[in-house]
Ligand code: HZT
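The data below hold one chain only, encoded as structure tokens and taken in the form predicted on its own.
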């Protein structure tokens, strides 16, 4: 999920930088004999004898129930994805991401240092939660990349991704507090063409994906608040390939550069250099591909998608360093437009501020909605569709009141100039004590 660069940070840029069979009781006849005419006593005795013999026969011939065959555990994912990740990977042995050693002189020792390895082993629960979320993301997005086609509505696409995530982690999010245990880390962003980020359909949205669209798919998965943030871009016309290649290469360059004690401004410089070495020809005109300079990557904290550190995607003078234990979303955005985004359009993304002020809310609808947000999302981002899904209605007045009081943050869509095209790629990386792990890496990107 994209983070915006504060306006004052732009002033720091240099001129160069701004570019069974049920065993039934079977009674077997005790005798073949036919009934003879006789007195009642004989009949009674015969009846008693027959009953006794019948019970004995039933006991002798009662069939043993066959033990029920245990259903085999699934070994592969369904289509659409509905098999729990925990069933596919028992005992919490989820796949690792892409691991790499620290290769700079100051940190090379970490690879073999016993103390660092011990610290890393202490994080087993942390790593298990993150890897479960990452594997969920991989399987859902790979399914999405195969199935998303022009002609689908954005609502259909978003619901398909979100229903799959919830099914794979085993939390539907419909019971109070269930979405806080595991599920969506933030709403599915489906930003098209000049819209770079923070667009997801609200109720009634009838927008349809077109053959000539460039769509950014950005969604998060969390397990116990450990959020995996990863994004990719889909285009169905090969003319956009250079744009997608530029952004993917820039993201990978930023990931390669990242590590303990690396300065944020230096990572931004590497990203910008790679991004802006590409150009694209559209309708006979050549466009330079620019880094969107007021968007950036960010740290991720438990239950908080935007932490306190930002990773620029252009060269800056920011000397803040990456540190051991940090979790970063390295995301880059390229554009054929101005390379600057602004807020525009109907808001769909929201999140409660972690340092929300205590306000005496006078609006009853705002009070009741805040309780719903606290119990179901906490500080995790949500969208209007999520409130609709919980049965909330007529909540817009209360929601806007929470925003105006600084309790909830609204995230409007972020757009470049109309007619331009934007692309995004993103991965989550763990700055572990002895290794760097691109936790969300997959065979797709």
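Predicted model, so just to flag it, every value in this text is computed and none were measured. Numbering follows the first chain given and starts at 1.
Another form, the form predicted together with the ligand, is not on view; read the next lines as being about it.
The putative spot formed by 187, 198 and 297 is fully lined by the ligand in the model of the complex; each residue has a non-hydrogen atom within 4.5 angstroms of it. The closest heavy atom approach of residue 305 to the ligand in the model of the complex falls within 4.5 Å. Taking non-hydrogen atoms only, residue 413 never approaches the ligand to within 4.5 angstroms in the model of the complex. With a 4.5 Å cutoff on heavy atoms, residue 437 does not count as touching the ligand in the model of the complex; it lies far away. With a 4.5 Å cutoff on heavy atoms, residue 349 counts as touching the ligand in the model of the complex.
Contact with the ligand in the model of the complex, defined as any heavy atom within 4.5 Å, is confined among 206-214, 306-314, 71-79, 154-162 to 306-314. Counting a residue when any of its non-hydrogen atoms is within 4.5 Å of the ligand in the model of the complex, the one hit in 199-221 is 218.
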